[in-house]
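The structure tokens that follow cover one protein chain in two forms, given apart as structure 1 and structure 2.
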Structure 1
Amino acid sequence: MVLLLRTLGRQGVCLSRPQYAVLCRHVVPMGTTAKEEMNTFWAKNSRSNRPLSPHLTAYKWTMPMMMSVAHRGTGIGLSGAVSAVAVAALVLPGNYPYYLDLIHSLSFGPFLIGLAKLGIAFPLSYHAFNGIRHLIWDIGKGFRMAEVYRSGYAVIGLSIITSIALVLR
């Protein structure tokens, strides 16, 4: 909406047509474009001969870093899986009992079924427990490094125990 109003303001639509005056009353024309700002930024950095920021490979990976990446990955994976199942339920012919019978007829065996259960249970339990950890952080508790590591190990331990309990059930 802002870009539309700025465009209208730049083209003089607000001034030439009185019916648009209400829309364009608070529009301020942009001084520069994004391309000009980016060119200015890179020219300044080239003149100052500053080094570029280091990449992730320059840092030593710590447990909180890995847990943060894993939390984001499990969130993306779980939302993608739920979306795929929802789209499949809408698009594929047949109903739930038909596909359940189809899976049973393939006779995967207990090992592969347990592995599939673990593939669903661990990301779900990890993301849930780590989400609770983040909620505790949101209220301002557990920010000392010892507490961060202790809560991280607790999340991993609870996730493993919960996953095994769900798989064996």
Structure 2
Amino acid sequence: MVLLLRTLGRQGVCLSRPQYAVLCRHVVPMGTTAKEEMNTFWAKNSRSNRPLSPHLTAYKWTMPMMMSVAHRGTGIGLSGAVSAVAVAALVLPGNYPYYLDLIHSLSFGPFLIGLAKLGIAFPLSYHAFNGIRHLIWDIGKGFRMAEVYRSGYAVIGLSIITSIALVLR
């Protein structure tokens, strides 16, 4: 009996063959869209008040994971900074050169100024280079684990070099 089943299986006898189509005649096509299905799922899921599954605490922190979090973090940070500058432009009296002179007059040492510049340059460089890495993934390249780690280290290296170059120029 087992031998018969194994022989049939090896020859690929399955329901997709035309002889067996008669068995599938009563299958009903899906009446809902993906969006409806998703909404039904989320309605039930939110109602159940299920606890969030541990995702940050249960898994080992790997380099690609940390880089992805950093990409999101730098993105939110940079966007926040841009919004802050825009709101400041609308709200604060006086123009930009006035405030720049104000900061100048506080006479921070070159080290602190360099540090502040690095604080702007490094998130920007990192986000830009990792963004390019994301775009390369989007065209389908570089998904093998070795490639992921290699491109990751390249992004970190390039970010450090670029931000130091920007600060020192």
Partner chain sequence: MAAIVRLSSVCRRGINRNLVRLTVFACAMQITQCANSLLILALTAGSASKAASLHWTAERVLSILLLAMAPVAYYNPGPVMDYSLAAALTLHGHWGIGQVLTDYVHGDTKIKIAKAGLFLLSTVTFSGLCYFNYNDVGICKAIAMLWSK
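Quick note, the numbers are simply positions in structure 1, starting from 1. Note that the structure is a prediction, hence the values are computed from the model and not measured. Note that the rigid core is defined as the largest set of C-alphas that superpose within 1.5 Å between two forms.
Determine, for this pair of isolated chain forms, which one is the form predicted alone. It is the first structure (the form predicted alone) rather than the second.
After a core superposition, would you say H104 shifts its C-alpha by at least 2 Å between the two structures? No; H104 is a residue whose C-alpha shifts by less than 2 Å between the two structures when the cores are overlaid.
Exceeds or equals 2 Å, Cα of L135 between the two structures, core fit: No, L135 moves less than 2 Å.
Post core alignment: I113 C-alpha displaced by 2 Å or more between the two structures: For I113, whose C-alpha is compared between the two structures after core superposition, the shift is less than 2 Å.
In Å, how large is the C-alpha displacement of F41 between the two structures after the rigid core is aligned? That residue's C-alpha sits 8.7 Å away in the other form.
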